[in-house]
Structure formats: structure tokens, C-alpha cells
Ligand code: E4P
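Shown below, as C-alpha cells, is a lone chain in the form predicted alone; questions about how it binds or moves come after it.
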Amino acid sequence: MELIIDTADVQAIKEINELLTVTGVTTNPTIITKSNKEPEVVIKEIADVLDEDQLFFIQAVATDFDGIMKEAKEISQIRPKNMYVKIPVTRDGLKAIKECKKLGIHTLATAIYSADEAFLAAMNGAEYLAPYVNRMCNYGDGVQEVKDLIEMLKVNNLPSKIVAASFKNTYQAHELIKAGIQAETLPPDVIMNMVDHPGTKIAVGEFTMNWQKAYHRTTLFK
């Protein structure tokens, strides 16, 4: 599975990138506004943190076909490779995804609320599909809908990868990993909740205490 960080917090990206095997970073207009920096500044900072083999996803802000295509071409030129344009699955967005496929521009279909929307974007050539898992739960069983999408792509032999998004807890992430999800884009807090189980901290503390009591040091060798 590909682990992708969903944030524009450069410090959080650095910390998690050092700690875990990270495939890349996703952003969206709302995430970038929360950085309280100009978008050009944030984009450059993130690009500088990532190595050339890691993926970088930036969303088009324009909502009309011509505007999306203009921004898609600009986004695709930010880095020599592994640059992806996020495009919402509106009518204009689906049209743009299809056009990007013809031009060789890498795309991620986003703002997905149903398996059907995602499937149609996959048919148009989107390389990644980002269903909003937690938000989908407001309309039904978001986790099951993504599981349906996994099967739909498989039986129809479509190569698009699902990068499940919009997580609020580790249970949702766990269930989709178990179901064979290809990728997840998680906010830093959810990632760290997966890392920092309280039981692990307790166990390590017990080991240290027992060792120090017996040998009066906290290292294996003197």
C-alpha cells in the first residue's frame, strides 16, 4: 500500500517522511489556505522536501473546463516527474481528466462521493481516485462503498489506483487496508495515532525500568 500524507504542513511532512515510508503528499485548496502562506510559497516548500521519486498532488482551483486545463498544464510543469493534478469529478472535471489523459498529464480524480463517480473517472483515464471516506459516511457506509470500488476496478481490469481520503480515525484506515486498498492519504494526526499506541509506550517503560533496576544503566552495554 502507498502511504501519502494529506497536509501542507511542511514540518509535519519532514517528520513523518523521516519516520515512515512515504509515497508522497496530497494537498487541496482548503489545506493550502490553512498554512497561512501564499500558495506559491507552500508549493515550493513541499516540492523541496520531497525527493524526485515521491509523488506530489496539487488540486486545480478553477472549476470550468478551460480553467482546469490551464492550471493542469501549469501544475504538471512544477517538477520534472511525479507531479499529479487533482481534479474534482464534476462534469467539467471529468471532461478535463479525459483531456489530460490524451496530453499525458497525470491526474487524480477527487471529491468522490460514490463508487460510480470514481469508476467513470477511471474510465476517463484518472490514475488515482480519491473517495472521501469519512464524508461518504454521512450518506451511507463510506467504507463499504470504497470496498465496492476496489472490486469494480478489479473485475473490469481498470488500472486506476484508489487513494482513499478524508479519514477521521484509524478504524477507517484499518478496514480499507484490510480490504486491499492501493493507497491512503492520511492527515498527520491519524498517521501518528497509528504509530503511537499507548501500550507500546508502557511496555518500553517497563523494559527500561527493569533493566535500570538490575544493571543501573539504560543501555545494553557499558
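Here the structure is a predicted model, which means the values were calculated and not measured. Residue indices: 1-based, along the sequence shown.
FYI, the form predicted in complex with erythose-4-phosphate (E4P) isn't displayed, but the following is about it.
Among residues of the shown chain, Tyr132 is one whose heavy atoms approach erythose-4-phosphate (E4P) to within 4.5 Å in the model of the complex. The closest non-hydrogen atom of Ala165 lies within 4.5 Å of erythose-4-phosphate (E4P) in the model of the complex. Contact between Asn28 and erythose-4-phosphate (E4P) in the model of the complex is found at the 4.5 Å heavy atom cutoff. Note that among 192 to 200, 37 to 45, 63 to 71, 166 to 174, the stretch whose heavy atoms approach erythose-4-phosphate (E4P) to within 4.5 Å in the model of the complex is 166 to 174. Looking at erythose-4-phosphate (E4P) in the model of the complex, residues Asp6, Lys86 and Thr185 each place a heavy atom within 4.5 Å of it.
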